[in-house]
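As structure tokens, one chain now follows by itself in the form predicted alone.
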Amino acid sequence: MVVTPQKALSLFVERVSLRSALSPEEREAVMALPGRVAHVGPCHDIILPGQRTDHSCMIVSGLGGRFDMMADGRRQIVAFYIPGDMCDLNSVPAPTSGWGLEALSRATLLFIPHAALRRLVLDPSLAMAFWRDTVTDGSVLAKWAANLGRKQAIPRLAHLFCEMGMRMEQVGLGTRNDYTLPLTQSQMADAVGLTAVHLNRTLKSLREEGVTFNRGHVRIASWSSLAALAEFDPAYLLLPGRPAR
């Protein structure tokens, strides 16, 4: 299937509209942004820490990840990006990256020039909408940091499954109980700060709670039970009208 920039941008419009009411004219302005579509394989580095860029990257299909990298090459994944997410909208005002972006699975990407985005945010309403989008990224990052620092392995992984289930459901890529998460176990271990052995033990414990992760697919028997185990409160996702669970 041929992916045009306009078709890809419709996903971003829907993402922004989750938290900001856009007028028809504002939606049309976003849809008119120029962009370049690229198809990449899994484990493809989109940008490395310290690299300067003149464009922002949106995920059209597949799964992306933000990471920090140690001097010896080890990586810590600190965020996941799903279709419709602009991975680095914050690179518009700060084009030299302090972290890296990677396609964790086979993915389709849309690269949008910073110059075009800067012209677009001369509209104060769109500037606020994009600002709100980057605030959401920061909120998710803070929650991931707290989970890594304060939660044990089982609730930490349970929280990740809850978050991704809710995010996938929002964009129509499954339900919170049943969705595709195209990760290897190694990538998942990098995201939750566990060794491969510890991750296997944690996945086994979650299977006893009715949660399975098999060949990139997640199934959750009881959402309420898993949310309680994870102490999952979706308030940090900044979704209006979403009650805390």
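Note that residue numbering begins at 1 and tracks the sequence as displayed. Note that this is a predicted model, so its numbers are computed, not measured.
The same protein also has a form predicted together with another copy of the chain, omitted here; what follows describes it.
Checklist entry - Candidate spot P93, K151 and G193, all three in 4.5 Å heavy atom range of another copy of the chain in the model of the complex? => result Each of the three qualifies.
Item to check | Candidate stretches 37-45, 62-70, 208-216, 174-182 - the one whose heavy atoms come within 4.5 Å of another copy of the chain in the model of the complex | outcome: Partner-contacting stretch among the options: 62-70.
Next on the checklist: Quick check on L238: any heavy atom within 4.5 Å of another copy of the chain in the model of the complex?
Outcome noted: Yes.
Next on the checklist: Please tell me whether any heavy atom belonging to E231 falls inside 4.5 Å of a heavy atom of another copy of the chain, as the geometry stands in the model of the complex.
Outcome noted: Looking in the model of the complex, residue contacts with another copy of the chain include E231, since a heavy atom lies within 4.5 Å.
Next on the checklist: With a cut-off of 4.5 Å between heavy atoms, is L101 one of the residues that contacts another copy of the chain in the model of the complex?
Outcome noted: Looking in the model of the complex, residue contacts with another copy of the chain do not include L101, since no heavy atom lies within 4.5 Å.
Next on the checklist: Taking any heavy atom pair closer than or equal to 4.5 Å as contact, tell me whether L89 reaches another copy of the chain in the model of the complex.
Outcome noted: L89 belongs to the contact set for another copy of the chain.
Next on the checklist: Suppose contact means any heavy atom within 4.5 Å; which members of 130-157 contact another copy of the chain in the model of the complex?
Outcome noted: Heavy-atom contacts within 4.5 Å come from F130, W131, R132, T134, V135, G138, S139, L141, A142, K143, A145, A146, L148, G149, R150, K151.
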